[in-house]
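Below sits a lone chain in structure tokens, taken as the form predicted on its own.
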Amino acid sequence: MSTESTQQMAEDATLRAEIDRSLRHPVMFFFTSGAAWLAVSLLLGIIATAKSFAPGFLSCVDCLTYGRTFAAHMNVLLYGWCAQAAFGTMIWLMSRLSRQPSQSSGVILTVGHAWNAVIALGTIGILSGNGSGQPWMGFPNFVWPCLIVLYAAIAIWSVIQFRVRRGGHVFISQWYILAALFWFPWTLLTAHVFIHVIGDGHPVFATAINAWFRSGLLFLFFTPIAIASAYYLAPKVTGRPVYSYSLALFGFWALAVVGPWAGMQKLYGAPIPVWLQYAGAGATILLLIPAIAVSVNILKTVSAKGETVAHSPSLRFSVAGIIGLAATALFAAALALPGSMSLTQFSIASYGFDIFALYGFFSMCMFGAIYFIVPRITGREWISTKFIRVHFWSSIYGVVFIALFCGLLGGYLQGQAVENFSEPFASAMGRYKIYTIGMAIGWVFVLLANFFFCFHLLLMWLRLGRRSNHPTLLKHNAHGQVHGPEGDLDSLQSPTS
């Protein structure tokens, strides 16, 4: 190896370490506070699920009625955990790929504290009976302007970081991050302005906009961030370039073209223009195209490194999340068909889909990113392989049981029973009781998984892991040899320019 090449590698390592140090506090704050909100959401989810088959459970506590706990559960999951995990991953990826240390970490950290304060006030508002009543928009109306302002600070910082990037290259992950940066405020502002400012409280109008918003938030913000993390980690950990950059470009534009049209199929049979319902259904089915393109591209990238996938804590979660992306698109397409929509529209199937998309796909990708990023910004090894293994398998079992078995299967059977007019409604609704009990059991598995995750993350926050110059969880084989460390070459993502 030439002296010039060695010097360049040393300079790159120094720059990466400087970037990691500059973002240590805001990124760790987003990850740890998000993990804490995830635990709160899971507890609320267990309470809400238990109340669906045992209405008397905690009936003495007025703020824990089913309607309030379920709304708080979903909104805390979305804005407490998912959004903060996305922010931490997004700002770290943008700095790493732009090759620029952060000069405004204090501002980002302040925004993080303010975001958590607003989420706490919003959650208290829901539990006290002052929620808006709209799915995924359940916080009191004062919350959304605050979220927009706080998000603007993160977005402006990210755009500036991209603008001052070194080398002028635009990497695959940056395509998705930049798109998500602009899609999120467009989706959030459009929905809230049309419902709370222009809509004048019209219920059908508000329900239609809300359906579009839920789809947009999932496919135009959470999905791009998750894909960006996977496109970053797959080549980094395996040491192989992305399988096909043409396929990456195709998947990105397919999502950009199709994603904004999805959502209205949820109002099948409602008094809105029929073409909107079928356009939403068609767009949702067509989301299979970008999902398959991304999944094939990333799985092909890691296919020759099966042992690395098995031993890398970050890649294991990311690959599971990308498989979850394909399953989420298939799940969404199945629910969007008019024949199935008539059965599942008012059943627990839609909740099963939401949980599978937000946890089985998005959260699994975020866990992969966190397992990769945290050792680098703390300079410490992950402490326990057993904790990570329990977290992974408990998450897989829990989310599959909740979403696919209890949500999808239970939702279809519930819909069939409700559509059978010869059967009393109470009897039909009672048929899905066993599935809600199973869903509560599944949530216990997920809660157990995230107990180990939160505890492990807290130990890393306290910097109790072993100090390492190669920040990853090193895995020894039977001969005492080490698999690792996970790669740190940013150039494995081919630039577009």
Partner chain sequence: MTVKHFFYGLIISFAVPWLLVVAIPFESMRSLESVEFSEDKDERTGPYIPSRGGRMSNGSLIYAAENCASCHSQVIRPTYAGNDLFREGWAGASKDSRRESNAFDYPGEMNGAGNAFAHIGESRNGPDLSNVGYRYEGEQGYQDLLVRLYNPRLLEGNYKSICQPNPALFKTEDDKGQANHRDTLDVPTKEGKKVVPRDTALTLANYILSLRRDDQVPDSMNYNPRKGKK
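Numbering follows the first chain given and starts at 1. None of these values were measured; they are calculated from a predicted model.
As for the form predicted together with the partner chain, it is not shown, yet the points below apply to it.
Of the residues 167, 306, 239, 133, just one reaches the partner chain in the predicted complex with a heavy atom at 4.5 Å or closer; this is 133. Just one of 247, 390, 114, 270 comes within 4.5 Å of the partner chain in the predicted complex, counting any heavy atom, and that one is 270. Here the chain stands alone, but in the predicted complex its contact with the partner chain, taken as any heavy atom within 4.5 Å, falls in 345-353 among 228-236, 398-406, 359-367, 345-353. Contact check for 129, 417 and 421: all three have a heavy atom within 4.5 Å of the partner chain in the predicted complex.
A residue is said to contact a partner when one of its heavy atoms sits within 4.5 Å of a partner heavy atom; residue 333 fails this definition for the partner chain in the predicted complex, lying far away. At a distance threshold of 4.5 angstroms between non-hydrogen atoms, residue 222 is out of contact with the partner chain in the predicted complex. Though the partner is left out of this view, residue 456 does not reach within 4.5 Å of the partner chain in the predicted complex, counting heavy atoms only. Though the partner is left out of this view, residue 450 does not reach within 4.5 Å of the partner chain in the predicted complex, counting heavy atoms only.
Of the residues in 242-280, those that come within 4.5 Å of the partner chain in the predicted complex through at least one heavy atom are, in sequence order, 249, 252, 253, 256, 257, 260, 261, 264, 267, 268, 269, 270, 271, 272, 273, 274, 275, 276, 277, 278.
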